[in-house]
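Taking the form predicted on its own, here's one chain by itself in structure tokens.
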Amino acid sequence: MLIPGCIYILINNYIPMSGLTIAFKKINYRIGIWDSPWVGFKNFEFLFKTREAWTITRNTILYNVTFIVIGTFIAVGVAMLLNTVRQNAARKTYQTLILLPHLISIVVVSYLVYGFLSSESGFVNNSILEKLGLHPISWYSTSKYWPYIIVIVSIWKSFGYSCIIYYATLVGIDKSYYEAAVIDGANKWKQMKHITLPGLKSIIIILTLMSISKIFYSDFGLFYQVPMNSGALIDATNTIDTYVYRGLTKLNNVGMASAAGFYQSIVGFVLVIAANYMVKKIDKDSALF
């Protein structure tokens, strides 16, 4: 019974790894990938020797750290609130509403954001700032607001998925623990501290470790589509993935794109190993391996 799963993993996960050789070659389409000349680490130079290296690395890491911390906090909090809802219909409605943004295409999200922030017809300028007597803001040419906008959009779109996982874990906690805590006089805060959070600890660690493995990746649509590829926002929205895409559109060098993907994978792998090692030192039972 394992054979179909093993074949799928082999085809989907391991055979494509042969493409990593592209990162070390100067691809010549006329002679093919395997006969193209090796160039060592030359394809990696464009990531590190550019003057934008610091900006794209800083943006990629800081945004992802913010997403992990705030996203986990909000997802756990909403899951705990959802667990207090007793009416079945209301609970299913809330679950649907929470998960819905995760299912919306990032292109649709980008136009929803544009509907709010458009300088001429946007909801914020025309329905909020104008009524408050404030000057309209040219959102798509003012970069200082975009770190907050990116974080809000990302959390709104993604926290529902984690929230449902945390909620499923909460449902599995034995109710007798809470009944015993009530008999012992424990209030809601103590129940959360001594029953709910310890029950969620393992899944929080697993999801956090999985997020850390992608800390050098960025959601291309979030950083490219949502800001509408505005050049004025490049300092706040440029990440490794958008930088590689922009480089590809100019140079059409797939070796550079492969080098960037290889670099992201290696760094993510090292970070997961390091984070798991730290977790293992603190709590051996919560480590992934």
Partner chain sequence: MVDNNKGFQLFAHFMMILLALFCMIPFALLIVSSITDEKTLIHNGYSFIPSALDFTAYKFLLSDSNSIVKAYGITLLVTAIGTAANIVLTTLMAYPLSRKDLPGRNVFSFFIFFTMLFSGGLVPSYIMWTQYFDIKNTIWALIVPGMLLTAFNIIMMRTYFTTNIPEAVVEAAKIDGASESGTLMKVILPMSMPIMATLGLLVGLSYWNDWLNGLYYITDADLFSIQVLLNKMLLDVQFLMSSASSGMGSGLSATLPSTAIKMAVAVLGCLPVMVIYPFFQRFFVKGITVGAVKG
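Model, not experiment: these values are computed from the prediction. Positions refer to the first chain, counted from 1. Note that the rigid core is defined as the largest set of C-alphas that superpose within 1.5 Å between two forms.
FYI, the form predicted in complex with the partner chain isn't displayed, but the following is about it.
Self-check item: 4.5 Å heavy atom contact, K201 and the partner chain in the model of the complex
Solution: So K201 does not count as contacting the partner chain.
Practice problem: May I ask you to check whether F220 falls inside a 4.5 Å heavy atom distance of the partner chain in the model of the complex? | Solution: Yes.
Quiz prompt | Contact of I56 with the partner chain in the model of the complex (heavy atom, 4.5 Å) | solution = Judged by the heavy-atom cut-off of 4.5 Å, I56 is well away from the partner chain in the model of the complex.
Practice problem: Flag F44 as yes or no: does it have a non-hydrogen atom within 4.5 angstroms of any non-hydrogen atom of the partner chain in the model of the complex? | Solution: F44: no contact with the partner chain in the model of the complex.
Quiz item: Does every residue of F48, V65 and L129 put a non-hydrogen atom within 4.5 angstroms of the partner chain in the model of the complex?
Solution: Not a single listed residue reaches the partner chain in the model of the complex, so no.
Exercise. Could you list which residues of 66-82 come within 4.5 Å of the partner chain in the model of the complex, counting heavy atoms only?
Key: In sequence order, V78, L81, L82 come within 4.5 Å of the partner.
Quiz item: After superposition on the rigid core, does the Cα atom of A236 shift by at least 2 Å between the shown form and the other one?
Solution: No; A236 is a residue whose C-alpha shifts by less than 2 Å between the shown form and the other one when the cores are overlaid.
Quiz item: Any chance the CA of Y245 moves 2 angstroms or more between the shown form and the other one, core superposed?
Solution: After core superposition, the displacement of the Y245 C-alpha between the shown form and the other one stays below 2 Å, so no.
Exercise. Classify F262 as shifted (yes) or not shifted (no) between the shown form and the other one, where shifted means its C-alpha moves by 2 Å or more with the rigid core superposed.
Key: It does, since the F262 C-alpha is displaced 2 Å or more between the shown form and the other one after the core fit.
Quiz item: Which way does the C-alpha gap of E52 and T21 go in the model of the complex, closer or farther, given it changes by 3 angstroms or more?
Solution: Relative to this form, closer in the model of the complex.
Practice problem: Please say whether the CA atoms of E52 and F262 come closer or move farther apart in the model of the complex, knowing the change relative to this form is 3 Å or more. | Solution: Closer in the model of the complex, by 3 Å or more.
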